[in-house]
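Encoded as structure tokens, the following chain is the form predicted alone, with no partner shown.
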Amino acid sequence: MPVILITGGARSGKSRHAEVRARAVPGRPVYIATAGALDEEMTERIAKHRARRGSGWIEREEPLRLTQALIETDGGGARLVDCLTLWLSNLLHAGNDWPQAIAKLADTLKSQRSPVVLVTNEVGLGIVPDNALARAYRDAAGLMNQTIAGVADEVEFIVAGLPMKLK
């Protein structure tokens, strides 16, 4: 089954497009959220996403155990992972071995029976960050996106709500 990577800038329409792609697959879709409601703004953002999606989704919050969540939900409807860059941030903050986690995710994606739609941010199009932590995150996100794009069957870049097929 296809692995679809959807990338683009912040507020470009990635999540909305990913939802359309996941709903196009027969079966009840699974929304795997990597974000947690850690503050009021994020709580509001999550509520808006839920309202837009409606009640037809199975929801899972998995800030760190993304590979396990994909394994456990395989065999049904499409899974939508939103988003990989936040998952990477969670891994970094938890002190996890992020290169190993990304490699494990890539291997897991190759063996999935049900479609997977993954959302990620393209963070390398702006200026070079002014501090080491931001540069390390940008570099890690770039490597992650390259790795997952390499195993994906399709890759789309979203600009101003419009998808451009890259692969």
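Keep in mind that this is a model prediction, so the values were computed, not measured. Position 1 is the first residue in the sequence shown; the rest follow in order.
Note that the form predicted together with a further copy of the same chain isn't included here; everything after this is about it.
Distance criterion of 4.5 Å from any heavy atom to a further copy of the same chain in the predicted complex singles out Leu125 from the list Ala51, Leu125, Met42, Ala103. In short, of 108-116, 125-133, 54-62, 23-31 it is 125-133 that has heavy atoms within 4.5 Å of a further copy of the same chain in the predicted complex. Of the heavy atoms in Gly142, some are within 4.5 Å of a further copy of the same chain in the predicted complex.
Taking the partner from the other structure, a further copy of the same chain in the predicted complex has no heavy atom within 4.5 Å of any heavy atom of Ala18. Within this chain, Ala160 lines the site of a further copy of the same chain in the predicted complex, having a heavy atom no more than 4.5 Å away. In the predicted complex, at least one heavy atom of Met164 sits within 4.5 Å of a further copy of the same chain.
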